[in-house]
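Only one chain comes next, encoded as structure tokens, the form predicted on its own.
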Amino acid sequence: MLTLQFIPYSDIESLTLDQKIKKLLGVVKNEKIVVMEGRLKKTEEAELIKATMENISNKFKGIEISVVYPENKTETLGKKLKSGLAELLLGERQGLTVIGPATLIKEIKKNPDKIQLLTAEKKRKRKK
């Protein structure tokens, strides 16, 4: 069974970097796919990847991560200033981040406004 867990931005915005990583990796290690409102900062994403590499084992093979951040290239200067001010005040709320276990996610294809998530079939253990 495929399980998605939605994490609103408000659940992680006040957490420290270590707490964010612990929360996200905890969900992914339970073989759930995180759908998070907003996105991590580049430094936070790098630390998440670093922490993932330190946690790789026979059971946990790593993560796949992708961010959808729709950008309107035809925005007027006024709209760009308005969205920049909103981001400054509200943080990294725009966009959507998907993080899942590498054993479950086969491939993530993205374009500016959508994600296609291809999952691998989970091998079932045979009963003897």
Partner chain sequence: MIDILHKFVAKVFRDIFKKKKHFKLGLYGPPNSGKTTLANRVTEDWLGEKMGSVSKMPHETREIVVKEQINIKSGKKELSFNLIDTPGIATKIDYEDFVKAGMSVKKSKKRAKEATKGVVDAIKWLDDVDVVVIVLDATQDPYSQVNITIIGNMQARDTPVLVVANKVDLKKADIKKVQAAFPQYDVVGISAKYGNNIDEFYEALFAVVG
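Predicted model, so just to flag it, every value in this text is computed and none were measured. Positions refer to the first chain, counted from 1. If you superpose the two forms and keep the largest set of C-alpha atoms that fall within 1.5 Å, you have the rigid core.
Not pictured, yet referred to below: the form predicted together with its partner chain.
Residues Met53, Ile56 and Ile63 are all found to lie within 4.5 Å of its partner chain in the model of the complex, as judged by heavy atom distances. Its partner chain in the model of the complex is not approached by Lys22, whose heavy atoms all lie more than 4.5 angstroms from it. Its partner chain is not drawn, but in the model of the complex it has no heavy atom within 4.5 Å of Val27. For the chain shown alone, Leu81 is not a contact residue for its partner chain in the model of the complex, no non-hydrogen atom being within 4.5 angstroms. Taking the partner from elsewhere, Glu45 is found to have a heavy atom lying within 4.5 Å of its partner chain in the model of the complex. Annotation for 7 to 24: no interface residues with its partner chain in the model of the complex [heavy atom within 4.5 Å].
Relative to the superposed core, Lys106 undergoes a C-alpha shift of no less than 2 Å between the shown form and the other one.
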